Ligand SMILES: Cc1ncc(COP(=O)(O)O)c(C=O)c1O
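Before any questions on how it binds or moves, here is one chain, the form predicted on its own, in structure tokens.
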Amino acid sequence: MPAVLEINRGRMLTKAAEVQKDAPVLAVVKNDAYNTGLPLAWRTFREAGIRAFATTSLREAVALRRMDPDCTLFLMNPVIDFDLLREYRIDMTLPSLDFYETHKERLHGIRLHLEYRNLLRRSGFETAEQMERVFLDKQADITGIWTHFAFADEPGAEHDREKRDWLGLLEQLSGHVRSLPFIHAQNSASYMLDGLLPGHTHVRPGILLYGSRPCSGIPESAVPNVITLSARVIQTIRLKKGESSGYCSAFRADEDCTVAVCDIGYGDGLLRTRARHDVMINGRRFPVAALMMSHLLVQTDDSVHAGDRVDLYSDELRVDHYTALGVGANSEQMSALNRMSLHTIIKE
């Protein structure tokens, strides 16, 4: 049996319902819902009462509309497939004044959310004055205004500034935006730090809904783990001092030792940076000796035997633990996992 990825849908549902009860949610489901599976996430979040979804992919937005004829869909990346946007009733970001002036005749019938660039500086209008020109033009169907916070995951002076600039912009545009159905800026970290900001209609969480804390200062109990990744020991081998195992001596023994050969590798999406840290077998931690495409070598002892379970992510070995250790962002670790080769189990 291949290595196993378990997704705890029950915990996803509980957390999503908790957030939705606190504030209206525009759930980010980009990249196949952080690699948990778009249909699974939609079903779960819909059950939690969420009726608005955001993605960066037009293909995903179309797939969502086919699943859900009634929800609000927001595309966070601009596209010029305007007929598809109209056909599938997909709201889209308006990323700049230039984009609007270039395409405004073709944007008829498409609901738009004006995007403010702020400190992320990736996309968006630079000033309130630019946005006001669109409002005063009265040709566009503006149903929302939004921004990204670049520094919410690392709260400090930069986040204070971007939040202050954003709230100031909303104040400048208050006559235009106060009645909009969508005013949203807050990712998981911003929501967990501040709750729903004044004047906002929705929070826009991502990683929070998938079982990882956006920053380490948040208690683990606030975000129950969702992802479990496990493998099995295929066999154990004894190596003498100086002997090696694996391609090009991937592991060479400094002393006589036992090595467990496990049925998972980087081909299954396990990051090399994750393999720099311990795994857990029979409730004990052991260091990884080497990572290969389809195999993992773990330096163990005589207590480990063929068939034993090897945990790489679990309640004790959380994805967000390894984010804090520099393995990679929460979303990077999750999106790397290869659900084509892993056996995926959904825990209700």
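Keep in mind it's a predicted model, so treat the numbers as computed, not measured. Don't overthink the numbering: it's just position in the shown sequence, from 1.
Heads up, the form predicted in complex with the named molecule isn't pictured, but that's what we're talking about next.
- When contacts are judged by a 4.5 Å heavy atom cut-off, residue 28 counts as touching the named molecule in the model of the complex.
- With a 4.5 Å cutoff on heavy atoms, residue 205 counts as touching the named molecule in the model of the complex.
- Taking the partner from elsewhere, residue 42 is found to have every heavy atom lying beyond 4.5 Å of the named molecule in the model of the complex.
- At the 4.5 Å threshold, heavy atoms of residue 34 reach the named molecule in the model of the complex.
- Here the chain stands alone, but in the model of the complex its contact with the named molecule, taken as any heavy atom within 4.5 Å, falls in 184-192 among 241-249, 184-192, 154-162, 130-138.
- Site annotation in the model of the complex: the residue of 148, 111, 274, 176 reaching within 4.5 Å of the named molecule with a heavy atom is 148.
- Between the options 76, 259, 169, 107, the residue in contact with the named molecule in the model of the complex by a heavy atom within 4.5 angstroms is 76.
- Contact annotation for 115-137: a single residue, 122, has a non-hydrogen atom within 4.5 angstroms of the named molecule in the model of the complex.
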